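Given next, in structure tokens, is a single chain: the form predicted alone.
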């Protein structure tokens, strides 16, 4: 064996020694999954089901911890301040990653690794069952006659929810009074309490009250109709081509080893395919949106802008 071959062999073995333990030993203890949304929200429910089902594929318990605040900034800051060994991960959403493209964003897209997209979660436009508006056209006609008076609630500012309202205003040539809330379920509660007139919600955040007859769905903000709202037309069908792509997934700090990302990408694929998780999606009216790490990272970059 010549000297060059020997040196190459030593380098290879050294590299294997550094990466091998991650594959063999990870995880060495329970994994914490940080959820940046409020307890009981659709995002929180997804995180807890990932934890429940994922434990049998990961081999260690997964503990969900809620850290709200700053539209995800509190959770991101916490994750980036932990040891990047894969034992602290976090959930993410399109509303969160949209902020990476802002001029004065505190965090950048390169601060994180994108492990996998888990679900797709379209929007519905809802009113209280006692509302005088029976259709989206009736609502828009009233708004045109009363600009900036009709209140519509959604999650936060500079979010997918607010962008949806802006697209609606442009498509229908109307002016709505957008009211931001800290959690995705809060606009639904506000509509039920008569505090606002219209709410944007993901199906998982309003389905119980819809099934109880407390809410009316005026339109689906999606490309196609979906269960259990097959009789409700989409905005596009009604002449307003607005169909935002909303999703939820998992990400980690940028310095997490490749082996951890690869393992979790496989675990998430197994979780989403698991019959228990599929039943959860059906019951919560979420939709299978699994993407592996590389494809998910490309999606985040494309949607977050330059």
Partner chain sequence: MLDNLALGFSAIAHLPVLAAIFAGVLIGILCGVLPGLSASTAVALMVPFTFGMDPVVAVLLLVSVYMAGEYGGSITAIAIGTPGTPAAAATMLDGYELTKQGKPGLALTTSVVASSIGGMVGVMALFAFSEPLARVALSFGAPEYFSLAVFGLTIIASLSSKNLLKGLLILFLGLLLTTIGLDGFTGEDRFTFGIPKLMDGISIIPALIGLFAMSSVFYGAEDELHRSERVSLSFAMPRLRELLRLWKVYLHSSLLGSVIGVLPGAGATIASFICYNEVRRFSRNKDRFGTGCLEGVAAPEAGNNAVVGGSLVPLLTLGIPGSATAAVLLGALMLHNVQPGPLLFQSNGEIVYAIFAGLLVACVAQLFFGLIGVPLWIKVISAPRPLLLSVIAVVSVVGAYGYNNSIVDVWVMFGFGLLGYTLKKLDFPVTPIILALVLGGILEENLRRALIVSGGDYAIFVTQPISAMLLLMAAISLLSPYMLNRLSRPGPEKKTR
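It should be emphasised that the depicted structure is a prediction, and the values quoted were computed from it without experimental measurement. Positions refer to the first chain, counted from 1.
Here the subject shifts to the form predicted together with its partner chain, a form of this protein not shown in this document.
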In the predicted bound form, do 163, 253 and 271 all reach within 4.5 Å of its partner chain through at least one heavy atom apiece? no
With the partner left out of view, is residue 113 within 4.5 angstroms of its partner chain in the predicted bound form by any non-hydrogen atom? no
Any chance residue 193 has a heavy atom within 4.5 Å of its partner chain in the predicted bound form? yes
Residue 93: heavy atom within 4.5 Å of its partner chain in the predicted bound form? no
Would residue 179 show up as a contact with its partner chain in the predicted bound form if we use heavy atoms at 4.5 Å? yes
Within 4.5 Å of its partner chain in the predicted bound form, heavy atom basis, the matching stretch of 223-231, 138-146, 83-91, 207-215 is 207-215
Relative to its partner chain in the predicted bound form, which residues of 70-85 have a heavy atom no more than 4.5 Å away? 70, 71, 73, 74
